[in-house]
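Shown next as structure tokens: one chain only, the form predicted on its own.
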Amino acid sequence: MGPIIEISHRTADGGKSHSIKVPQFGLGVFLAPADGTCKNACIWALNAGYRHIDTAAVYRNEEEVGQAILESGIPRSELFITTKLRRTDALGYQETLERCDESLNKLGLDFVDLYLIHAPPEDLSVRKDVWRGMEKLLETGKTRAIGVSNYGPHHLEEILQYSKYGPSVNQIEIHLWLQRPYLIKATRESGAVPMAYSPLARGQKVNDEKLHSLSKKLGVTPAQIAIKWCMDKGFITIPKSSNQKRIIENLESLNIELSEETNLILQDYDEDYISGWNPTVDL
């Protein structure tokens, strides 16, 4: 299962609200097809000890996540489920409520543990109403926590100007080659915890010679080093895989130790490498 950390929402008076515990390590199911692939990945992960699954409406696999949850037989109270409001569906207050209900129906759940806006709504005029909808979902128990994804520092500053509850999480691409100290700082200053997606840079850096050399020296895999680096930084970390062996290998990364010397070496890997999309720079 791994470490458990706390997330909460900053209130207008600087306090905290709706604090909950979250498994820091989880399974991401981005690009896992809903042809049994996603369901199998979730079942393998849950059987191995994972208790946090991260999906999204845009992934079109929420139903299979729900099927895996049901078939696992694991009590709902032991699981942490994250899903997201599709950017193109972030159109206003009522739409936010309705899209959450749709996700809950697909998942077969009464509530999710964390509901995120997948990226800053492109229509600036609806952003306040969308967040008001997110806050309503929090207050009514449809979700235990709310947050954002792919938000830049200016987006976080904006949301805090009109929020009753600030975001508990900012899920962004973070990995050894994209360490984003400026965005991590802004995220933490907003009261949110950074959540690292694509901690393996979508596999685009698996052949990095420096990392391979270091992994041989440490007797672990390159992926395990990359995952453990994110974990040691205190980020919620959700590597994706639909391969049973890799799902278990990723979980085993929690058992390795990175020395201070190793972390100093890894700090120099940063090259501002974006492996996916980057809405953090949008208006």
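From 1 onward, residues are counted along the sequence shown. Owing to the predicted nature of the structure, the values given are computational and were not obtained by experimental measurement.
What comes next is about the form predicted in complex with a small molecule, which is not displayed.
**Q** Can you tell me which of 64-72, 210-218, 228-236, 244-252 lies within 4.5 Å of the small molecule in the model of the complex, counting heavy atoms only?
**A** So the stretch in question is 244-252.
**Q** Pick from S190, S198, S163, Q179: which has a non-hydrogen atom within 4.5 Å of the small molecule in the model of the complex?
**A** Spelling it out, the residue with a heavy atom inside the cut-off is S198.
**Q** Among H154, R132, R76, R202, which has at least one heavy atom within 4.5 Å of the small molecule in the model of the complex?
**A** The option sitting close enough to the partner is R202.
**Q** Although the small molecule is absent from this view, report whether I43 comes within 4.5 Å of it in the model of the complex, heavy atoms only.
**A** Result no; I43 lies far from the small molecule in the model of the complex.
**Q** Test of understanding: in the model of the complex, would H118 fall inside 4.5 Å of the small molecule by heavy atoms?
**A** Output for H118 is yes: heavy atoms within 4.5 Å of the small molecule.
**Q** Taking heavy atoms and a 4.5 Å cut-off, does H52 contact the small molecule in the model of the complex?
**A** Judged by the heavy-atom cut-off of 4.5 Å, H52 is well away from the small molecule in the model of the complex.
**Q** Should K240 be counted as a contact of the small molecule in the model of the complex, where contact means heavy atoms within 4.5 Å?
**A** Output for K240 is yes: heavy atoms within 4.5 Å of the small molecule.
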